[in-house]
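Quick setup: one chain, the form predicted alone, written in C-alpha cells, and binding and motion questions come after.
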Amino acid sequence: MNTGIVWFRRDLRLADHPALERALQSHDALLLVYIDEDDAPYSASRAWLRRSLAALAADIAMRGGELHVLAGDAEVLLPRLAADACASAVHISALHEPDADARDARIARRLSADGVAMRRAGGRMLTDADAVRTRAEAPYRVFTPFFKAALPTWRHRPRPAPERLACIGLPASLADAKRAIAAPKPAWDAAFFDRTLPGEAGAHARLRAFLDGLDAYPEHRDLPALDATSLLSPHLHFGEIGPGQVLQAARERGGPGAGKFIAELGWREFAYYVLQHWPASASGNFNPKFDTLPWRSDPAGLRAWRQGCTGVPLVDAGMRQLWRTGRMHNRVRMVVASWLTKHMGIHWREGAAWFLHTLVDADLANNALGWQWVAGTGVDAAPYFRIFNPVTQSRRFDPLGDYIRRWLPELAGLDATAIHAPWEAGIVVPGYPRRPIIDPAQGRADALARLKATG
C-alpha cells in the first residue's frame, strides 16, 4: 500500500487545500497529523487553535478518516512517523515564515536521507513573492505599487473538499505522543467566540455574513463601535479558509465595497511578501537608521498599557477589548500602537509581543508589519514621524463614545463631549485614572524630538 502523510499546520481545512489534493492523488491511504509544538499554553491564539482542530477532526471523521494530534518536536516525530507508517512522502502547505521554512528544509533533508519525499504546496498566499518585482528586479518596499503589480497575478482554482478520506491508524510506536490540547480553566476564552466560530464551517459562515454588508464596508470599516470589519483574520491565520476563496467570493459579490476589501487582503499579502524578502524584519527594524532610536524602559507604564489603564479612553477601550475577546478593531490597533511607541516611547517589540500573546489572529507577518508601520521603523512607513492623536481619533471615529462605553463601563455615564478626554473637562471618574499617564502634548513633542535626533 502506498501511504502518505499530510502534516496539517496553519491549513486547517479540507476544501481549497492543494497539499491535501496532491496527497489524495498520490497515495492509496493517508496518515493525517497535527503536531503541537507550542510552548505558550495560555496564549489567545492557542485557545482558538484547540477549537479549530476539533472542528477539523470532526470534518475528517465525517469522511471516514481520523486526525491525530501529537505533541513534540516535529523534527523528531515526522521521521519516526514516516518510518513506522512506511510512508513514501510527507505533504505540507508552505507557511512562508523564515524560521518555519528553515525548519521545513531541515526536515526535508532528514526525510530525504531516509528515502521519503517532502512535498510542499501553496494555498496560504496569493502572491508569488519571487515573481512580483519592480522593473529593476528588486522587491517592492511600498504597498501601493506592490498591490498594483500583484493583483493581476492573483488566481484561484476551486478545489472541493474530498468526499471520503482513506486513512491508516497512528502507528502504535507513536501512541505516547498523542495528546489533546486542554481547554482553559477557568474558561477565560468564552468571549473569543461570540462573533465567529473556529473551523472551516465557521469561516465560511463569517464570510457570508460579512459579504451581506459589503456595500457599507468603505464607509463603516474605520468605526469601531459598528464592528463592521470582516473578522476573518483568525480564520485566515489558521487556514480555515483560503485567501483564494475569500478573493473569489468578494469578486463575485462585487459592489462598492469589494475593491476596498480586496485591498485589505493585499495588505496581508504584502506583510508576508516583506517577511520573505526581509526576514530580519520579524524582530528587527526594517529601516536600520532607527537602530539608534532611544526607547524608554517603563515597566509600570507598559503594564498600565497592557491592562487598559493609561487614562486615555480610546486606548484603554482597545486594550480591554483585546484582553476580553482576543481581537481589536484595526483603527484602534493603530491608535494603541502609536500611543505605546510614540507617546510612551516604548519599543515596538514590547507591543508586538503582547499582541502575539493576546490576539486570536496572532500572525507573525501581519503583526510585525503593522507595529513597524506605526512605529515608523518599517517598510512603507513614510512619514515615519506620523503620530496618532488618540483624542482626535476618538472624536472622529467614535463620535458618540459608544465603543468606549462598551469596554469602559466606568465611563458610561459621560456624555459624547467629555468621554473622549475627561481630564480636559475636569471630570474625575472613580476607579479610572485622573489624567493620562503621559501628557499627550508632551508625549508628542518628546516623540518628535527622538525621531528628529535619529534621522
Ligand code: FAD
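What you see is a predicted model; the values in this text were computed from it and never measured. The numbering used is simple: start at 1 and walk along the sequence shown.
The same protein also exists as the form predicted together with the named molecule; that form is not shown, yet it is the one meant from here on.
- The named molecule is not drawn, but in the model of the complex it has no heavy atom within 4.5 Å of residue 323.
- With a 4.5 Å cutoff on heavy atoms, residue 276 does not count as touching the named molecule in the model of the complex; it lies far away.
- Interface membership of residue 361, defined by any non-hydrogen atom within 4.5 Å of the named molecule in the model of the complex, is confirmed.
- Contact check for residue 78: every heavy atom lies farther than 4.5 Å from the named molecule in the model of the complex.
- Proximity to the named molecule in the model of the complex, defined as a heavy atom within 4.5 Å, singles out one entry of 319, 312, 374, 340, which is 374.
- Distance criterion of 4.5 Å from any heavy atom to the named molecule in the model of the complex singles out 367 from the list 367, 245, 287, 196.
- Of the stretches 101-109, 163-171, 267-275, 247-255, only 267-275 has residues with a heavy atom within 4.5 Å of the named molecule in the model of the complex.
- Shown here without the named molecule, the chain has 230, 231, 232, 233, 236, 261, 264 in 230-264 lying with a heavy atom within 4.5 Å of that partner in the model of the complex.
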